[in-house]
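In structure tokens, one chain follows: the form predicted alone.
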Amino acid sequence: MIGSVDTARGLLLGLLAGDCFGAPFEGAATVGEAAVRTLEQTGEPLRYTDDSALAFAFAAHLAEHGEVRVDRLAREFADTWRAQPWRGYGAGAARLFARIAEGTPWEQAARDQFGGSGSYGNGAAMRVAPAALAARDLGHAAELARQSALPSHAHEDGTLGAVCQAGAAFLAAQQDPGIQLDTTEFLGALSETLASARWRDSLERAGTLLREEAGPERAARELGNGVAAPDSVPAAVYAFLREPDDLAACLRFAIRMAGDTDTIAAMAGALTGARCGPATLPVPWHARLEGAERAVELADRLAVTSSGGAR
């Protein structure tokens, strides 16, 4: 396992890089490798989306409190949206945060989404990776994830997406990057955090695809690449397990799965970054990423929190 500061920096910079590099391809039916490599080589600045904006808000919350305080977190998410509503929020998320900002209790606002079923989208999962930096163990990471999902995702699948991603980030952060990752062990431990046959089946399918060395197009067909949590979180875990030691390769793979490219790449990038630290971020990329300095600042604060310095 790498040091706590490097783990935190790697996680947040990996998430940011995935978001920034994935955003230009969001919604594409197919993405060729040449297109991704061209974007890598242009040198143009890259903006982050709501994925990073909310992940930063959650990281700041954990750095301040060392735990999830749901009422306050709901207001902070709403304030983050209100400050920059143009970051690419989905229509449902925008309505939710607008209602919370106007004074609607978050419990009601979350329950009312999608005709009363609650959101099963990947919004809670895309922002949750910092939970791994404040968690004592895998079970605690899952609990932090559940609490962090409450203000916005009342549907079980929305919550399970956050649990899966937080658990994966925690497990990735415990890895020694000098030792080959045991993907079977990783998927087994992650599956145990998910009390859902559907989610366990998805991880089992990911294991099969790994053994068969399935490429991004097949992985997207079998695991999904959409905005629903069950159709994107397992895909992000798969992209990480295909390329756990190389952030550029991991993001390239995730983006080539097409669909919700920014979120899938952000989740996958957080995992590779947590395992390998900031050194896995190609040096020329750092200056291109909007928010890179903010990511480092928050990572350093979270590293203090995880060492017992939280207030």
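The structure displayed is predicted, hence computed values, not measured ones. In this text, residue numbers run from 1 along the sequence as written.
Omitted from view is the form predicted together with ligand R7I, to which the following refers.
Participant: Does each of 117, 123 and 262 have at least one heavy atom within 4.5 Å of ligand R7I in the predicted bound form?
Facilitator: Verified in the predicted bound form; spot residues all in contact, yes.
Participant: Tell me, which of 106, 199, 89, 186 has a heavy atom within 4.5 angstroms of ligand R7I in the predicted bound form?
Facilitator: It is 89.
Participant: Though ligand R7I is not shown, can you say which of 100, 206, 93, 190 has a heavy atom within 4.5 Å of it in the predicted bound form?
Facilitator: It is 93.
Participant: Check residue 26 for me: does it contact ligand R7I in the predicted bound form (non-hydrogen atoms, 4.5 angstroms)?
Facilitator: Yes.
Participant: Considering only heavy atoms, tell me if residue 227 and ligand R7I come within 4.5 Å of each other in the predicted bound form.
Facilitator: Yes, contact at 4.5 Å.
Participant: Hey, of 241 to 249, 62 to 70, 262 to 270, 276 to 284, which bit sits against ligand R7I in the predicted bound form at 4.5 Å between non-hydrogen atoms?
Facilitator: Result of the contact check: 262 to 270.
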